[in-house]
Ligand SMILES: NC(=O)c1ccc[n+]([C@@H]2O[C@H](COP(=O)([O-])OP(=O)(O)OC[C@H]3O[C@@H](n4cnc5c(N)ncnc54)[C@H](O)[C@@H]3O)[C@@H](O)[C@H]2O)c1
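What follows is a single chain, given as C-alpha cells, in the form predicted alone.
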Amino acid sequence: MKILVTGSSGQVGTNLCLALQQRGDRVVGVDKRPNTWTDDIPAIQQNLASDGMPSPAALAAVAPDFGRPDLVVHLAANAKVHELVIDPRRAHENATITFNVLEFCRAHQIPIIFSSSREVYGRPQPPTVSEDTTDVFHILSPYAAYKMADEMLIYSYAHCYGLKYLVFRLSNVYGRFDGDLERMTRVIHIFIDRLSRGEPITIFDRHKVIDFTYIDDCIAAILLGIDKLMAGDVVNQTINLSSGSPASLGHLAMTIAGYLGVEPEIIDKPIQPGEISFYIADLTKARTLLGFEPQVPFEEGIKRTINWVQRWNELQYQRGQK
C-alpha cells in the first residue's frame, strides 16, 4: 500500500512510518518540522494549516511513482492541552489542518484514519469510558473542543461524500521518539529528565488517573485498523485506543524514580485548567472489531522508555549533541 502520514515527524508518526516501511508499505510523510529522530522517512516539510496538502505530483517528486496514496493517516495537530488553553488559536488551527486533509481525501477519494483524543470525553465517571459516552457539554478545553469538531467534520464527510474512515481516540502515548523536551513537553519524559538530574518534579494533582499507552500497543492497533479499513472489514467506526493500563500521576512518579534508583522530590499543585482528572478506556470495540489486545503493561512500558531515553542520550553524547 501507499500511505501518506501527516504529522510524520512526531512520536506516533515516526514509529508508524518506520513500522509501515518494515512490513513493506510505501510511505510519505508531511510535517511542518523536520524529523529529528531519523532520516529514513521520505517526507515533505509543509505547514498543513497555511499551505494545505501537497498534490499527488509533489508526493511523487519525493517518492517516485507514489502519486495518489491509497490511504491517509492523519496525525498532525498542535498538542498539549494546557498550552492550547493559553493559546487557543493553535487549537483552532487543528480544525483548519483537518479540513485541508479532508478536502484532499474528498478530491482523490481516499479513506482516512484520524487520531482523536480521550480528551473529548471531558471528565467521565469510573470505571471505564466507552465510545458512546461523549457529551459535548462536558468538553473542558479548546484542544478537546476542536478534536470533537474534527471528528464531527469527518462524520459529515462520510455522510455527504462517502468518505471511509476510522477514528482512534488515543490516550497518553509514550515511548520511543518522544524525548525532545525543547519541542514537546510530555509528563513521562519530563519526569525521567528531571529525576535523572536530581531535580524536583511538579505534579498537577497526583491522584489524576490516566490510561497510559505504550507506543508499540498504539502502533499495533493502528496497523490493524489500516488493514481492516482497506479490506472493507471495519469501516466508519470510532474506537478507543489505549493499553488498558492506568496509573495515577503519583504512581507514575514513584515508578520512574524506582527504576532510576532515586528518591523523588515532588512539588504538588492543583490540576491545570482544561485537563481531565480520570480516564480508563473501555477497549471492547478495539478487541471485537480489530482483534486488538494490549501487550505492554504500565510498569514494563516505563522500564522500556527509561532504557530507550538512556540509550538515546548516550548516542547523542557520542555524537557531540549533548
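The first residue of the shown sequence is 1; numbering continues from there. Note that this is a predicted model, so its numbers are computed, not measured.
Keep in mind that the form predicted together with the named molecule is not shown, yet the notes after this line are about it.
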item	value
Heavy atom of Gly13 within 4.5 Å of the named molecule in the model of the complex	yes
4.5 angstroms heavy atom contact with the named molecule in the model of the complex for Ser245	no
is_contact(Ser9, the named molecule) in the model of the complex, heavy atom dist at most 4.5 Å	yes
Partner contact for Glu93 in the model of the complex: the named molecule, 4.5 angstroms, heavy atom	yes
Partner-contacting position among Thr238, Thr128, Asn78, Thr134 - heavy atom within 4.5 Å of the named molecule in the model of the complex	Asn78
Listed residue (Tyr214, Tyr121, Tyr143, Phe191) with a non-hydrogen atom within 4.5 angstroms of the named molecule in the model of the complex	Tyr143
Segment that reaches the named molecule in the model of the complex - one of 57-65, 26-34, 285-293, 261-269, heavy atoms within 4.5 Å	26-34
Partner contacts in the model of the complex for 35-49 (non-hydrogen atom within 4.5 angstroms of the named molecule)	Gln46, Asn47, Leu48, Ala49
